[in-house]
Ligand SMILES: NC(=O)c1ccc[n+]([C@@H]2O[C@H](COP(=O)([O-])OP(=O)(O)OC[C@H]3O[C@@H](n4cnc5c(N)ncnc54)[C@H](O)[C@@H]3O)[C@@H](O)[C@H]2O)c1
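Below sits a lone chain in structure tokens, taken as the form predicted alone.
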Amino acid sequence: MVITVFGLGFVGLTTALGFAHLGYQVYGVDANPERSRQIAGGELPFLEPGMDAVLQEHLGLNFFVVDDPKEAVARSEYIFYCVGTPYGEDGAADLTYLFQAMDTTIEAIEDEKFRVLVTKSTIPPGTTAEQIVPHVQKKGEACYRLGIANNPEFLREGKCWEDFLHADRIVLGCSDPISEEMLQKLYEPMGIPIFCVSPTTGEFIKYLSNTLLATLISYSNEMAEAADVFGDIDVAKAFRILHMDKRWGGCNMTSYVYPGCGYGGYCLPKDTCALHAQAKAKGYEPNILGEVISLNAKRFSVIAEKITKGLTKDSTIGILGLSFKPDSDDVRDTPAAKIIGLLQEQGYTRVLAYDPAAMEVFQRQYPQLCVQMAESAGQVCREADRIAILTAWEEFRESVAACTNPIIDCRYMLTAEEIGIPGTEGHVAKSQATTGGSHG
């Protein structure tokens, strides 16, 4: 079996290397020449534990990065699309990159071989039936030798490789029996439960998953804000006791039902907005989902107000954590950028930040934010007048344990006892807490 994967970001490269690991021949195509050069040179373009060794193992053996996809498409029976589907100002998903990749594929086909075009990019319910199929059908005779399907991903950044190899389910959204049979055969060696559904059901399952996680995060943040109003509540302890409820069934959902800075990263902001826009376009107003989006947008102002309370404009504010979650260097839609932006709009221009992995990419992504980067978390704790934890990196615990300056634990990774006062913000006396939430 031969596979071409368009898009070599977190999802695409994991997918490509995953199939190579299964023994298939895989070609990777990316529109970003710099990223292609990095991967072709054996270097991951992002932080993802364990995948650098996998890349080294398969690169040049049965995984190849190509600039011109024509030969790759000619050899392939499966074409996977893992390109970006960002959301615009109205929240709707932008399918430009997806259609460009599909057009490139169809233009490269010069034989009679049947191929299945598989959208792994996250797309709103109804997109395959209402937009992709008509788009492909306009391309002429080639469309009659093509199957069209979707195969949503459920990868967590920082654990992509583990989630691919040990997925709890594989969803195939197919409308023709040939594509369904081909995709089942492709995934069969993994021994993972496969669910064949309609294309619209497949699209919906992905959004059902991500919007639920976004809702749980925002609910938790709302409850944390309510707790601040009530007063005399140990928020961290309250949520940890909540997690002991046997109805959770031992599943690892606790990091989502936990307050923090607001959800960020690539998937949750994009997918909540896209599903909301799609429902509205169909004539239905999803009020809870709208409130989830609204609450998340307001969360950054709430955090900024906590950080600046009682500070003068010439104070130095220390920021611990820039990535949207620990064990990742992803800063797309990261709460840290929004919070720092609000601080600087309010006149707090002296910002000293540290992140174990994301400082360089943060500076590239947000050049408009004037942030001084520290050499260590310890430097931030020593030199800042007040320190805010914006990402729950485990390594911050040692530094804050010795810190004598006030700390605002925006990720609730420290208990009230560790901080030394009732509540979750103030002077840190010691730090031996168990891990708190990392997503919210």
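Because the structure is predicted, anything quoted here is derived from the model rather than measured. Sequential numbering from 1, following the sequence displayed.
Below: the form predicted together with this ligand, not depicted.
Student: Taking the partner as it appears in the predicted complex, which of 184-192, 272-280, 309-317, 147-155 has residues with heavy atoms within 4.5 Å of this ligand?
Tutor: Partner-contacting stretch among the options: 147-155.
Student: Looking at Arg332, Lys298, Arg240, His135, which has any heavy atom no more than 4.5 Å from this ligand in the predicted complex?
Tutor: If I apply the 4.5 Å criterion carefully, the residue I get is Arg332.
Student: Here the chain is shown alone; which of Val361, Ala224, Ile303, Cys267 has a heavy atom within 4.5 Å of this ligand in the predicted complex?
Tutor: Comparing distances to this ligand in the predicted complex, the residue within 4.5 Å is Cys267.
Student: According to a 4.5 angstroms non-hydrogen atom cut-off, is Tyr97 in contact with this ligand in the predicted complex?
Tutor: Taking the distances in the predicted complex, the answer for Tyr97 is yes, it comes within 4.5 Å of this ligand.
Student: Looking in the predicted complex, any heavy atom of Ile217 within 4.5 Å of this ligand?
Tutor: Answer no; every heavy atom of Ile217 is more than 4.5 Å from this ligand in the predicted complex.
Student: With a 4.5 Å heavy atom cut-off, would you call Ala388 a contact of this ligand in the predicted complex?
Tutor: It does not: once this ligand is placed as it appears in the predicted complex, Ala388 has no heavy atom within 4.5 Å of it.
Student: Classify Gly18 as contacting or not contacting this ligand in the predicted complex by the rule of any non-hydrogen atom within 4.5 angstroms, answering yes or no.
Tutor: No - in the predicted complex, heavy atoms of Gly18 and this ligand never come within 4.5 Å of each other.
Student: When this ligand is placed as it is in the predicted complex, are Leu213, Tyr256 and Pro259 each within 4.5 Å of it, taking any non-hydrogen atom of the residue?
Tutor: Spot residues vs this ligand: no contact at all.
Student: Across 76-90, which residues bring a heavy atom to within 4.5 Å of this ligand in the predicted complex?
Tutor: Stretch hits, in order: Cys82, Val83, Gly84, Thr85.
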